[in-house]
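In the form predicted on its own, a lone chain appears below as structure tokens.
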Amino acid sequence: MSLLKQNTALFGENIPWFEGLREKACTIFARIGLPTAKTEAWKYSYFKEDALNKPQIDSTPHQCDGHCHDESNLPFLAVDIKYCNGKLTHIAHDLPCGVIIRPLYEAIEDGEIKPYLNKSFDMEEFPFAALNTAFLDEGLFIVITAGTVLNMPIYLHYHQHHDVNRLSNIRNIVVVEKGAKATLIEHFDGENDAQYFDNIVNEIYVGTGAILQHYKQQNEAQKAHHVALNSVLIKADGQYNAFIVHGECTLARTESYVRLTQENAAAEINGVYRLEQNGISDITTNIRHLAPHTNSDQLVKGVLDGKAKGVFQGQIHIAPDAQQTTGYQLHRALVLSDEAEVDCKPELEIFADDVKCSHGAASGDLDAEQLFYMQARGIPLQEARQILIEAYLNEVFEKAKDSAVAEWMKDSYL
């Protein structure tokens, strides 16, 4: 594949185990290639190869004065981390007690990251994760040490400047040790005329009795492509709560691959998407219940207008030994245009007999009677539509565990 023929100098070429990992990834990606319309997991939002035509992979340090991050204006205190043009440019200096945040290359150099890097997924199943590994050069190693309760979120702001065909491969390793609690926020944006491809992989390890709240807000340049994999392993009594917000861009796909490996592990994934032009939003989940008494819950809602397309693929797998497990999944969409499209593929794979599971999907338009009622009382049509859309999506925002973060996301989104 021509994508792998670039002569790009990357960090770590003198570290045998790490370079061997990248070479393995190159071999796998060259064999499986980019997904197409015939790739089952991508058939609703298949990737057009010309989006990676002559991608620019920048291996030189990027200097950023920080002005491009001022617009985030967080209404709460946070541990501030900045990525600019796919490069890590800032880590807050005064980290809270019990929090370790290091650039990925440091943890690779001393080998501390070896027990975690590429240990949570199989590259054969995730082509873009294989591509990410082949060109892996940037990212973070975040550890919340045992028993630490972090009282402010860790905020990762990814910003892209105007450019053509930049490919950013970023890997974040997040380890929440036994009994620890933390909140992670990812915020992606880009300049209006920028054209780039974000290829993000987060490997997340939630320890015994630990809790991670993971928020993601993606609202990028119209010509941008965004593909992200959140690969999560959860131990006994651990909790992973994800909240995904998708906005405009050519293609935004967030895939959550979650394994509940021990008893009483739990995962909750909620999401909203709103597209008004011609972009594609794809929220894909694969939750694997591998132990008894595990629980999962999913609610995703979308609003589509113009020629936009919304995709939800949700799989719940319950292994034979995962008795007394619960797994719930629901997707709903408002389709406001005859040219908009929604594709939904819920799946249940149940190999145990003592479980409670359900899935559902529905789509429709705004209620004409409600619109008429509001207009009859002097509310203009567009304002009435907006009120109904916000009320429709509020059901999901109300499920967010942190109300301050949810309000910030909602204010900048709706």
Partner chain sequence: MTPKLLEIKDLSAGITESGKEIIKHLNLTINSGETHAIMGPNGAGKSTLSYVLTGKPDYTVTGGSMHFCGHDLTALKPEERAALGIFLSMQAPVEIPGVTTQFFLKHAVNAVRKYNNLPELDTAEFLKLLRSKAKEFEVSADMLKREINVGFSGGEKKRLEILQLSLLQPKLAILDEADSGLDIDALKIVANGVNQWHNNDNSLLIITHHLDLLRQIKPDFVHIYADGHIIRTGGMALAEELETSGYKNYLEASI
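Positions refer to the first chain, counted from 1. Just so it is clear, the structure is predicted and the values come from calculations on it, not from any experiment.
Unshown form predicted in complex with the partner chain; subsequent notes refer to it.
The partner chain in the predicted bound form is not approached by K38, whose heavy atoms all lie more than 4.5 angstroms from it. Using a 4.5 Å cutoff between non-hydrogen atoms, Q375 counts as a contact of the partner chain in the predicted bound form. The shortest heavy atom separation between P380 and the partner chain in the predicted bound form is within 4.5 Å.
Contact annotation for A404: none of its heavy atoms lies within 4.5 Å of the partner chain in the predicted bound form.
With the partner chain left out of view, the stretch that reaches within 4.5 Å of it through heavy atoms in the predicted bound form is, among 23-31, 345-353, 39-47, 367-375, 367-375. Of the residues L388, A51, C357, I57, just one reaches the partner chain in the predicted bound form with a heavy atom at 4.5 Å or closer; this is L388.
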